[in-house]
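Below sits a lone chain in structure tokens, taken as the form predicted on its own.
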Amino acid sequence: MGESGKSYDVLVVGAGNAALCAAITARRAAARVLVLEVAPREFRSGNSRHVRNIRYAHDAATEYVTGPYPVEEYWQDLLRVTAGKTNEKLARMVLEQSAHAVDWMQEQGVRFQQPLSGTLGLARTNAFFFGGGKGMMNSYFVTAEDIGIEFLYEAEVTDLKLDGGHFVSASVRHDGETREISARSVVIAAGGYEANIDWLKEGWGERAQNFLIRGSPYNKGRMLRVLLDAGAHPVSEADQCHAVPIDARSPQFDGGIATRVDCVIYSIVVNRNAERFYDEGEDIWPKRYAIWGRLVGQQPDQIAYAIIDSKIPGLFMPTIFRPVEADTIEELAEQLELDPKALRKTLDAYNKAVQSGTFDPTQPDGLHTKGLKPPKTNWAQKIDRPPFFGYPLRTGITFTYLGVEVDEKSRVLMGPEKRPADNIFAAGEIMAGNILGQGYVGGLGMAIGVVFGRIAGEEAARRAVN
């Protein structure tokens, strides 16, 4: 585990976006930095391997975005999805500082691509990484290694030795041995606990057994549990998370963004009883996709089915699994193991309720149903042109929101009185619940990671070096 007796200024636990932002920032502030990653080198970076873009505030179009996205609009988008369940001071800080994120990331070698046209609806608000999350993270690692940051892979931090709000050392298991590694400050950026099904059950009950985990199987929440047990003040709730509808045929872990099914707004979505249960056309997909994982998880057997016809393929991102296809709705129902009569009844009621109008797949078009419960408020076209297609959907958990409360310096707040820890900082998923009490808007998680990662790295280095 490195040179015997070697001392470090900043210990970073985790190796995703927030962790590397912290490590690079701390190292550039002259701190000696060690990054501990529980995963093998080839699976490093946690959930950040699967990201595609960052949502950031900007005043004008650039080569990466098609128009301005002011902080106030960003704030209103966040308010809409969280219903006000956010720490406004910290949230506004993230949104305002996100304006500098892309420039800083480019300085670390991260490359961006030209705006993406098509069905995502993010060309104005989000910048996309060239090479996706892996490309972004590889750039970070090259920079980190070039400036002298040390890494240790397959290094599981099993415990933290704390003296009140003061970090002393970390117990690290590596190569079959456990030893203590001390540092003058620590940044905890080890992700959430989404891969810990037993912990998910604490918020969701037995339903969590049917959930699929889109990201890293290594994010089991060990550091979060240690901090909470040590008296860190919790934020958000155990049943709050970033959950999206993914193909039910996806793997249990690490399927990534490719497993997502994005046709919901153009479809009808039914449960095991072949009944609709929510307005599929409530808003554009990037502002509503993260509520659908939760909705599916609330249905019988935690499964649902998106039904479209031959007018729709090509309007949404291609899926990794081919849809189930049939020439009639009854045949489709049988293949999906739904009651054919029940699905026919649901579809007929929907088609009858569809009102005339002009279909526009690129924005809310007001094409709606009338007299139908639940309604469909946009993109309501009749589903009547064979062949018909169906996607089985499961809840896909990206990351959990229950975490530790922090202040504007990224310090973990301890005890009921919320005392700032002396040298314990948190960034990324483990503290994202400060901003995301519920809901999600595409690309915000990356902004939280970059902003608070940089803050944590700067403050940890200041505390250590001074």
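When you see a residue number, it is the position in the sequence shown, counting from 1. None of these values were measured; they are calculated from a predicted model.
Separately, the form predicted together with a small molecule exists; it is not shown, and the next lines address it.
With the partner removed from view, the residue among I308, I257, L295, L367 that has a non-hydrogen atom within 4.5 Å of the small molecule in the predicted complex turns out to be I257. Listed residues I435, V51, A31, L402 were compared with the small molecule in the predicted complex; V51 is the one with a heavy atom within 4.5 Å. Between 425 to 433, 409 to 417, 22 to 30, 59 to 67, the stretch whose residues reach within 4.5 angstroms of the small molecule in the predicted complex through a non-hydrogen atom is 425 to 433. Among residues of the shown chain, R222 is one whose heavy atoms approach the small molecule to within 4.5 Å in the predicted complex.
None of the heavy atoms of G457 is located within 4.5 Å of the small molecule in the predicted complex. Contact check for V81: no non-hydrogen atom falls within 4.5 Å of the small molecule in the predicted complex. E156 belongs to the set of residues with a heavy atom inside 4.5 Å of the small molecule in the predicted complex.
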